[in-house]
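What follows is a pair of forms of the same protein chain, given separately as structure tokens and numbered structure 1 and structure 2.
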Structure 1
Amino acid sequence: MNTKSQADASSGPPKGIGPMQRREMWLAYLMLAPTFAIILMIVAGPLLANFWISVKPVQLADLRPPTVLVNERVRGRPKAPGDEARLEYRLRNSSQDEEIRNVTLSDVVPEGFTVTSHSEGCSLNGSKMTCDLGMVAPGWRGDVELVGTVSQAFLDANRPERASEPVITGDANNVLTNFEFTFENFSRIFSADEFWSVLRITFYYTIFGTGGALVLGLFAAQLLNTAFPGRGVLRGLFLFPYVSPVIAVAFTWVVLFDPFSGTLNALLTKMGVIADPINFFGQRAIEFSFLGIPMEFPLALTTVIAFEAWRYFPLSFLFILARMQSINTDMYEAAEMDGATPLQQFWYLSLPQLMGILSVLFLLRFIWTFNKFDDIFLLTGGNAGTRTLTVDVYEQGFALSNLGAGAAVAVVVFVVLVTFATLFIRFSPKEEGL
């Protein structure tokens, strides 16, 4: 038995980890700990919290927990030392529909005020006063009074009752932390007619925005692939839309496309291209008939998609250009010798080489476009048929003040996203190193 285990031990390399490796492991965990902590707190935590909030009937106003508000003042107008005065605390429950339990009021009696009698439930310990008010009903109002005499010091001081702030404690139901659940948020968002149109618009926006940015990027990369003077300047210029702050470029587009004072509409109407100004960001659809069939062209959505393609083409441009510069030119020389035309060279040589980076870019941009909130919010505010899921989160949670419903939409966003991310990991080509 003994000899056998010895033989086992000597026959192979040591199993498990040795002390040095263990030290290295702990060092690694230690170095990663801060990153982990902050990501758990700010990313993973909120993700889970979303699920929690989405099944709770919580409104924006519920974030301010109900408390007892207190207002302290001196009554009785004392004139000389020894005069009687009353110190009055007026109390009010801030909530009209939540009770508050175990309410206590504590305060330091101002200097120079000698207490002679006080309200029931209060006790004095030196100059410290504590009152136990028990449970207060929703919308309750009441007061606590201290009667006493004043000294010269009290009269001299400027508003002596302000010297210490009264402190209120109490327990109230916090709708965020109790165990009351509801599925009303989900039933509300799923039963609303607009939800399905929001979902459809989200997919239109995502697919066409991503596609537009990729096609523009591919075209721009073709332009700058060959060396010529001024290429560096143009490359810098082409990146402008991407590096500028979103507020700046979004508002510029709004100003540029404005129906009344916008340059573009003025140009088109004055030159006689269109009769009336077009409200690019405000008009839901243009009706026209094609072969006698009435059709609608979603104008605002198209403009928003154009903005998306314009703002993010530099990113795909940069990646595609980097990939194109790394393609070996021998191949093209050989193809040239064999008589391949430029378009054939692009179609049969360049494009297959670019397929990897194009699919990675498509997947990444697809997810990021799906996640995009700022652009549409700033351009149209989600009106005129441009409300995507992410804008709907804001709309439900903050514009309609229903945090629970907003979180429910956020859960939908997250579920769709997890589906995409799974597909992304499953199908992403490994050799592009992303």
Structure 2
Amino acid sequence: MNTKSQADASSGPPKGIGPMQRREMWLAYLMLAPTFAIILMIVAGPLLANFWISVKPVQLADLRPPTVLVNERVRGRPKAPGDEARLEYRLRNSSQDEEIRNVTLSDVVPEGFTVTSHSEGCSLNGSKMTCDLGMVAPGWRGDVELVGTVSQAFLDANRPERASEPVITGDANNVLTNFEFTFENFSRIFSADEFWSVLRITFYYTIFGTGGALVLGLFAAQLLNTAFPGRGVLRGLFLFPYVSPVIAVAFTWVVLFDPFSGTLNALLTKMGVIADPINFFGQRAIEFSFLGIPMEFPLALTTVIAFEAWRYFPLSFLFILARMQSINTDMYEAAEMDGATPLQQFWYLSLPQLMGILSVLFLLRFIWTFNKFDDIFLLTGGNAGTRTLTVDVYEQGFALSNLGAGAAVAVVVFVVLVTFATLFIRFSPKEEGL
């Protein structure tokens, strides 16, 4: 008996799942299916649409499929019953590139209007008019006209031609929904010299903006981790850059750094630090020489990076401070008794405990900064060497009306961030003990 029990125990639990567990599993999947569908529509829907547009030569005007536009109006100005009038339909193809096939126009003749003649290709069935226009060429314009007499009912009505809306039908190729794909957008952006410059500026802006926000947040957390009078007030003030509306703080920085009426330029000029005002947001670079080597300092980009670090360091400050306050203070007391300096305590005790939260913050801030658009657009508009990939998406899609190229740049942003996040999560440092 004991031998049998030991054999059963050594064999372990039965493999696989039984019929009851299988039914419960499928029931759980069925109950979660609506949630999965909503998440897929919210997350995957726009992403897939962006990939779809990136492989199509889509212009901004292509968002509306080609159609025949119609404008209906009464000509002749009849004033008494029996006067002649013309009901005119002015038509045009909305597309300059695509033809529209099997075009038909249908409408209801206004009450009190008796048709005596009509354009070729039109027919009347009671009060309903139908016109077969066939194929219309790109950019086509034409007219359909009904000639007739009016009655008092027509004259008494307010805009009788608006009583019914004309209906246009037709078939046209839609570049947005057809299954013709091309890599022309990617070829165009990768072959442009400015793309690689924009990519380099984006990495420069992201790395230094993220690093600056983390360093400032680390110093602020270290400063406010000790107890002193007024610490709560300072913690609240430190959150001001992050909670303030971006348009307000961006406008404030533009005013402070203005070369003509800015406070900073006025102070530096009065103190004799500079001879002429500096256009911090409008000057691309400052040339200088180091050991006889001519170099350039990216002024506008550095100023934008400084704004990025100042605006977003409070988020890092909050997370780092919360982690610092959860660290056991006994080891700091022991290190202090052993003669460790504050710098040694920070380097050998605090920093290893903070590596986990610093890694998470760096990943999040890198992704958010890489995708940042509003800060740069409000400060410089992407000029003076501050054009990043997100600004390039806007420029391609809306300034140049090339949605396909803008979507292609957005795909590049997605691929870069997914690659970075995957590698970072794989090789990022962990806290000690994890």
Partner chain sequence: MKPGSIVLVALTGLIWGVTAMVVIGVTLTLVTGDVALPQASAAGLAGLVSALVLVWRQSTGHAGAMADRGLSAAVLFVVLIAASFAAPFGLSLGQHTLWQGLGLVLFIVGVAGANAICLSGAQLGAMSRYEREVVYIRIAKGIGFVVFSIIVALPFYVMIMTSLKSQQALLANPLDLSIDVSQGISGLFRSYVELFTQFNFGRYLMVSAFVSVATVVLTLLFSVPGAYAVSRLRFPGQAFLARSVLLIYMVPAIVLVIPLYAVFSQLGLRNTLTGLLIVYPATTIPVALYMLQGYFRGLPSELEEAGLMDGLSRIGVILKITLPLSLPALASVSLYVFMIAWNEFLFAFMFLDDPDIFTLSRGVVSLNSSEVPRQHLMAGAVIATVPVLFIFLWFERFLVQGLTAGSVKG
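Numbers follow structure 1, counted from its first residue as 1. Values in this document were obtained by computation on a predicted structure and should not be read as measured data. Note that the rigid core is defined as the largest set of C-alphas that superpose within 1.5 Å between two forms.
Asks: Does structure 1 or structure 2 depict the form predicted on its own?
Replies: Structure 2, not 1.
Asks: Quick one: core overlaid, is Asp258 moving 2 Å or more at the Cα between structures 1 and 2?
Replies: The answer is no; the displacement is under 2 Å.
Asks: Would you say whether Glu194 is displaced between structures 1 and 2, judging by a C-alpha shift of 2 Å or more on the superposed rigid core?
Replies: Comparing forms between structures 1 and 2, the Glu194 CA shifts below 2 Å.
Asks: If I superpose the two forms on their rigid core, does the C-alpha of Pro110 end up displaced by 2 Å or more between structures 1 and 2?
Replies: Superposed on the core, Pro110 moves its C-alpha 2 Å or more between structures 1 and 2.
Asks: Can you give the CA shift of Leu27 between structures 1 and 2, in Å, with the two forms fit on their core?
Replies: C-alpha shift for Leu27: 9.1 Å.
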